[in-house]
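The chain below stands alone and is given in structure tokens; this is the form predicted alone.
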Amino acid sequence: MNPAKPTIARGLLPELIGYRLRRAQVRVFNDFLASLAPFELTPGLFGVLVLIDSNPGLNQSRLGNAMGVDRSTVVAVIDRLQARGLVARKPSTSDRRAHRLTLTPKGKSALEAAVPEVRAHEARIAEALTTEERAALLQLLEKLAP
């Protein structure tokens, strides 16, 4: 027999957007990690693959801006993906200091295989929401983080 967990008073926390977002984010992140464990992709790595696939030739600076992270973080992420054979750096024709990023065939294949799992994950985490509620949530989140 499993006794019910005692409840804990949360004070003003449930009134805070950040608190609610963080709790939701933890749930979403954990489900994502479990869903994509076979692909060894975190939400961040998946996002990078999607951005590069959607913007072939994207440079690391623009990728960092799109992700909201600094250049050193982008370099480390691209290093990891390149070591796995998923991303290729190609010299920019317009700026010798910059590299254009593209998915390798292995990267495209990995992304294509992961997308159905991500869609199933999205459906699972949003199952308590109606179609309208899901759309409204996405719209509200966009207002908080355009």
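Residue indices: 1-based, along the sequence shown. If you're wondering where the values come from, they're calculated on a predicted model, not measured in any experiment.
Only in words, not in the display: the form predicted in complex with another copy of the chain, which the text now covers.
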* Counting only heavy atoms and a 4.5 Å cut-off, does another copy of the chain in the predicted bound form sit next to every one of Arg20, Ser54 and Glu133? -> yes
* Asked: So which stretch, 76 to 84, 111 to 119, 93 to 101, 33 to 41, is the one near another copy of the chain in the predicted bound form (non-hydrogen atoms, 4.5 Å)?
  -> 111 to 119
* Asked: Is Arg27 a contact residue for another copy of the chain in the predicted bound form, using a 4.5 Å heavy atom cut-off?
  -> yes
* Please check if Leu58 has a heavy atom lying within 4.5 Å of any heavy atom of another copy of the chain in the predicted bound form. => yes
* Asked: Is Lys106 a contact residue for another copy of the chain in the predicted bound form, using a 4.5 Å heavy atom cut-off?
  -> no
* Asked: Of 60 to 76, which residues get within 4.5 Å of another copy of the chain in the predicted bound form if you count heavy atoms?
  -> Arg62, Ala66, Met67
